[in-house]
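In the block that follows, a single chain appears as structure tokens, in the form predicted on its own.
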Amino acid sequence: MERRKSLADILAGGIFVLIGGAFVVGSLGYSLGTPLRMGPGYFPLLVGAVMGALGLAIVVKGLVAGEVITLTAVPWRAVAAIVIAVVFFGFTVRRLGFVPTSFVTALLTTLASSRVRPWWALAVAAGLTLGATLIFVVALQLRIPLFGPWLQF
């Protein structure tokens, strides 16, 4: 019987272990407290420990029951569209406002796929913008203008 190892699972699990370990080490600089009176380091310690344990499980799965994955070409269109969308959101949300910035960001990320039709991309962007506005501005009362100073005449 041939054993296959999944390099992707091993690397991903290793990254989870490293990030979880960093959280655990960082949390030790704070007071942990007790389970009934948690200190500021308690939650990061738990999150780091869970993340590290999940990472170890992924590494073991990659070593035991891996599968061979063939790598294909990097989808540069998708990478560029998503990076541009995130940078656009960060630089323009205060100036354009939440609604137009969210719409353009959602539209750019939707168009990252070459299989999405333009009308479908517009519908998805409108739905995501409406949902994000209801969640962040209405429900969570995030103090950010719906339409920024660049759009006020």
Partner chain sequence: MDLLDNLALGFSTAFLVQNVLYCFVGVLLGTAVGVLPGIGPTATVAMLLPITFNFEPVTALIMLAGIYYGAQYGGSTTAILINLPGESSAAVTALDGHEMARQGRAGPALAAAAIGSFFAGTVATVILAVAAPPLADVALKFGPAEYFSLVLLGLIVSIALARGSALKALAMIALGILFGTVGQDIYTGTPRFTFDQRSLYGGIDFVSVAVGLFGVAEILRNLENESTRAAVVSKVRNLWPTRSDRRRIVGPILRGTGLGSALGVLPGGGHVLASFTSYAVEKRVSKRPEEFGRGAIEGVAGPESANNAAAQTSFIPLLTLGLPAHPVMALMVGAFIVHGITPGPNVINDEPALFWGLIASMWIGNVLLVLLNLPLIGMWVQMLRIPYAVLFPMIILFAAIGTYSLNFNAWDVYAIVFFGLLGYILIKCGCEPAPMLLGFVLGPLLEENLRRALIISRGDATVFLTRPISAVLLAVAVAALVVAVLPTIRKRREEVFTEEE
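Positions refer to the first chain, counted from 1. Definition used throughout: the rigid core is the maximal C-alpha set that superposes within 1.5 Å between two forms. Since the model is a prediction, treat every value here as computed from it, not as a measurement.
Just so you know, the form predicted together with the partner chain exists too; it's not on screen, but the next bit is about it.
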Could you tell me if A57 has a non-hydrogen atom within 4.5 Å of the partner chain in the predicted bound form?
yes
Hey, in the predicted bound form, does P118 get a heavy atom within 4.5 angstroms of the partner chain?
no
Does V87 reach the partner chain in the predicted bound form if we count a contact as any heavy atom within 4.5 Å?
yes
Any chance L122 has a heavy atom within 4.5 Å of the partner chain in the predicted bound form?
no
Check each residue of 83-105 against the partner chain in the predicted bound form and list those with a heavy atom within 4.5 Å, in sequence order.
V83, V86, V87, F89, G90, F91, V93, R94, F98, S102, T105
Core-superposed comparison between the shown form and the other one, V137 Cα displacement 2 Å or beyond
no
Per-residue C-alpha change between the shown form and the other one, I84, threshold 2 Å, rigid core fit:
no
For S31, state whether the C-alpha moves by 2 Å or more between the shown form and the other one after rigid core superposition.
yes
Shorter or longer C-alpha distance for L140 and R37 in the predicted bound form, given it differs from this form by 3 Å or more?
farther
